[in-house]
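One chain is shown next in structure tokens, namely the form predicted alone.
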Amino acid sequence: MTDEAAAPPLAGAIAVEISRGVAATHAGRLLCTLGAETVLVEPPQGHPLRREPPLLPPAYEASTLFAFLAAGKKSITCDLTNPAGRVELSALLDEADVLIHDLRPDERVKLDLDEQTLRARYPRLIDVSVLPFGAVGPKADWQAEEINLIHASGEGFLLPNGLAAELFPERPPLKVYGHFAEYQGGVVAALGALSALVGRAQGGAESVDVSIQDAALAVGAFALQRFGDGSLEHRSTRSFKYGGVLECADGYVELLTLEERQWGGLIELMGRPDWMLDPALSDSLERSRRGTEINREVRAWALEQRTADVVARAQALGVPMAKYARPAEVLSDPHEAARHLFQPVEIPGAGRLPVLSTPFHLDGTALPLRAGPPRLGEHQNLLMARRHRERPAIVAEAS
């Protein structure tokens, strides 16, 4: 493989990130892992996610969330509330290809970072805004946390469901753990930046406006489609007729049988019990009607199984089944190791630890993490050196 082929796709690109929330920070992380030099512009007191728990031992100074989202980035501090800080930022934007931010429209105007000003001052700069409800419309100035976004996108209406709802029926419909909606917003923002980079070679720079609510809505497209057909899904009814999450003797697996051959494989996996050989169950509609009865039998059988054994046998028979792994098991799994999914990097205050690179390969190759999260202001010299560095061509423009 040549050096040119080994170069990441965004080698030579410069992305400037001004972020507070997870969505914009995740978008910057994706561009960084794809090879862009991503410069995180932090306030003097540091990015707010630096203090977001859970914190890593031994000193409990490093945030696990920030460690993941900032891995490979460069950090400068810049006080944008005063003119000198805005001049420093301007020096960065003069040479940048992409600006990713989550500034509200009123903040953008105060900082001379509104779309019209950016287009006039930096004609080749791609401007990517990612906000809870987008930068245009009556909710453009609204703030929102993850729990608001999960419910605003409709996903909260459908959670918890399946086994979780059965085991804990009294629990309120809160949200998925972590930052599900915000991560979706970050993915869409990164894709918008990539599309604009490709398009810039043909028609100039563009502005990209991403709504996290819209991005999360797309995840529930199937439920929305059913709503359009007149069927309203609800957490109490949204579940597979049979299968789903099954408790085994030493953990949990998930079973999904949508196709006839998969039902046939499940019969073999369970040892061809008499009840499964009922001719009526050869009809998929009848199986749906008798889903509760089938699940009762399947779950009783699953309680006697060991997860590793039953998953291996299921996959050999073409039955879609996988184990719910504990975090330590994910890190030690041979599949993840073969794909180089986690890579060790230095995390200030916590030492050398494995961090997720990306859950995808390019041309069959894992994308490397070049570094861990930066220390606050670690790359302050970029402000002085920026104007004196000759930049290589960007892949998107060269093509």
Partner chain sequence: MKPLAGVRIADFTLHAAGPFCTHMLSQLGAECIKIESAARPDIFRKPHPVYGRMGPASFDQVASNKLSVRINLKDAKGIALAKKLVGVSDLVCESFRPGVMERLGLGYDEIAALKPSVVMVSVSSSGQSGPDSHFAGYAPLFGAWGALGYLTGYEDGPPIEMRHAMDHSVGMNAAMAAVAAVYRLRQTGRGGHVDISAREVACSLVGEALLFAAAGGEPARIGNDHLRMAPHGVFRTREEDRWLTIAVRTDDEWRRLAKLIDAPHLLSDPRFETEANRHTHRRVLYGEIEHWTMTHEAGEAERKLQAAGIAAHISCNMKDIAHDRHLRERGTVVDVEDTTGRERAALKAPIRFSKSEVGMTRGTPRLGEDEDYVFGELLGLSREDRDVLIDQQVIY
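Everything numeric here is computed off the predicted structure, so don't read it as measured data. Residue numbers count along the first chain shown, from 1.
Below, we turn to the form predicted together with the partner chain, even though it does not appear here.
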- 103-111, 270-278, 129-137, 85-93: which one contacts the partner chain in the model of the complex at 4.5 Å, heavy atom to heavy atom? 129-137
- Just one of T292, T117, S195, T81 has a heavy atom within 4.5 angstroms of the partner chain in the model of the complex, so which one? S195
- Quick one: from M321, L99, A302, I76, grab the residue that has a heavy atom within 4.5 Å of the partner chain in the model of the complex. M321
- Do V41 and the partner chain come within 4.5 Å of each other in the model of the complex, heavy atoms counted? no
- Item | Non-hydrogen atom contact P160 with the partner chain in the model of the complex at 4.5 angstroms | yes
- Query: Does the partner chain get within 4.5 angstroms of any non-hydrogen atom of K241 in the model of the complex?
  - Reply: yes
- Task: Please check if A308 has a heavy atom lying within 4.5 Å of any heavy atom of the partner chain in the model of the complex.
- Result: no
- Note on the structure: In sequence order, the residues of 166-196 that place a heavy atom within 4.5 Å of the partner chain in the model of the complex are L167, F168, E170, R171, P172, P173, L174, K175, V176, Y177, G178, H179, F180, Y183, Q184, V187, V188, A190, L191, G192, L194, S195, A196
